[in-house]
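Just the one chain here, the form predicted alone, laid out as structure tokens.
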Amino acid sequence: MVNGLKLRASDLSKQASSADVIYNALRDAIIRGEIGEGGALRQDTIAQMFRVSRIPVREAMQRLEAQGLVVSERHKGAVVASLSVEQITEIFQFRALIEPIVIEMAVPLMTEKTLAEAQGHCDAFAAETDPLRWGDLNRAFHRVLYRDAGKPYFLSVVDKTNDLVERYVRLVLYFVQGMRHAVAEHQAILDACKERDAKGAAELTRRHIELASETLVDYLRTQKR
């Protein structure tokens, strides 16, 4: 158990990719906010949970640290990284630059299957009543719309960037009526894609990200007062 969190642990002693499994379990817990900022990640405890040596745990930690999700602190060891309002703002500014470019490239290449899959995610997001599912469905919707761009490096950068702020995006959806706004914004983006309006989809995506950033920053600053 890590800070009271029950990770999806399993006996990995006979699996070759134990570092990958540990990395994915910790990454998912961090981006979902299940391990809070500053939460300690003790290698010996995690190794016992997964029934492995500390070697694959150390490798997983190094990958998380390289991604910016974990930092090493003196006397505490590895802890979940926290982001300042300024850092969050900068990351959203980057997203507002890169993601519209990706969707603009993807729109002319989108298949009917992709559009149908995106509509399914959009409808599921709008109908979902479990707040714990909102973040996953939101991420799935955007991933599908970017997929047909056929730019794996772009998509990798987008994915890693979103990992850094995913837990904060969930705050927007949960606490500041972001869910209601996101539903309408998602459908508008998707409608532009269906109309093959690449520039329109790009502009709507940019504004969608900027509005989420503005709402989140306002919320975080209010909480600090």
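Numbering starts at 1 and runs along the sequence shown. Quick caveat: nothing in here was measured; it's all calculated off a predicted structure.
Not pictured, yet referred to below: the form predicted together with another copy of the chain.
Contact check for residue 37: every heavy atom lies farther than 4.5 Å from another copy of the chain in the predicted bound form. With a 4.5 Å cutoff on heavy atoms, residue 116 does not count as touching another copy of the chain in the predicted bound form; it lies far away. Although the partner is absent here, residue 143 lies well away from another copy of the chain in the predicted bound form, with no heavy atom inside 4.5 Å. Contact check for residue 133: no non-hydrogen atom falls within 4.5 Å of another copy of the chain in the predicted bound form. In short, of 121-129, 135-143, 108-116, 92-100 it is 92-100 that has heavy atoms within 4.5 Å of another copy of the chain in the predicted bound form. The listed set 32, 58, 51, 194 contains one residue whose heavy atoms approach another copy of the chain in the predicted bound form to within 4.5 Å, identified as 58.
In the predicted bound form, no residue of 109-130 lies within 4.5 Å of another copy of the chain by any heavy atom.
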